[in-house]
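What follows is a single chain, given as structure tokens, in the form predicted alone.
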Amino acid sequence: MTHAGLFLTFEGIDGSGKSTQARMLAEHLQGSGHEVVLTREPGGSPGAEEIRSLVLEGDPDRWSAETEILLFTAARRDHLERTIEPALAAGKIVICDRFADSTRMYQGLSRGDLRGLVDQLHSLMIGREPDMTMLIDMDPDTGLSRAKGRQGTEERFEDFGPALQQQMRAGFLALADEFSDRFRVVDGNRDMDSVAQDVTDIVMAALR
């Protein structure tokens, strides 16, 4: 697979503001003359969006962790084939709200130690990491209250409660150490514009 563009991902716990920051960055880059594809996971292609509703809605115990990992990997493979790789091959900047790091956390850690399985499947079926990952770091209690305040239908993971959010925050920070070459940690406990300024500065420096 060839990739001439730049692949940026945003990660963080639920309610961290990463989706807003991904959108703000996409708008800034488009305004600067870059060709940008803003996408999300799970989802980002018609088939993957169908899988999204299966994994994000319904009872927290709807799927076993192993089944869930297979569903997320299937969605990611379709997303990669149909959206991400074609855009990168065309030289575009792809900004993705969540990618494999979220699966390493939510499915790899939340219900037992399945990280090895996640990484095996990733190596077998996906085979690439982002060029840069923005971790919007956020206090778990604040993030959860924000996420629950949205009143949406996609709250299956929020419904696991605050303990999961605390575990995920610690896990994401550990992941940032593990993949320190591509992770940039941004303090999300500030106003939206201050966070966006930091994100923009980091990405523009990388583009230069």
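Residues carry their position along the shown sequence, with the first being 1. All of these numbers come straight from a predicted model, not from anything done at the bench.
We do not show the form predicted together with adenosine-5'-diphosphate (ADP), though everything after this point is about it.
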{"item": "Contact of residue 190 with adenosine-5'-diphosphate (ADP) in the predicted bound form (heavy atom, 4.5 Å)", "value": "yes"}
{"item": "is_contact(residue 198, adenosine-5'-diphosphate (ADP)) in the predicted bound form, heavy atom dist at most 4.5 Å", "value": "no"}
{"item": "is_contact(residue 146, adenosine-5'-diphosphate (ADP)) in the predicted bound form, heavy atom dist at most 4.5 Å", "value": "yes"}
{"item": "4.5 Å heavy atom contact, residue 9 to adenosine-5'-diphosphate (ADP) in the predicted bound form", "value": "no"}
{"item": "adenosine-5'-diphosphate (ADP): the contacting residue among 137, 78, 85, 97 in the predicted bound form [heavy atom, 4.5 Å]", "value": "97"}
{"item": "Stretch 10-45 - residues with a heavy atom within 4.5 Å of adenosine-5'-diphosphate (ADP) in the predicted bound form", "value": "13, 14, 15, 16, 17, 18, 19, 20"}
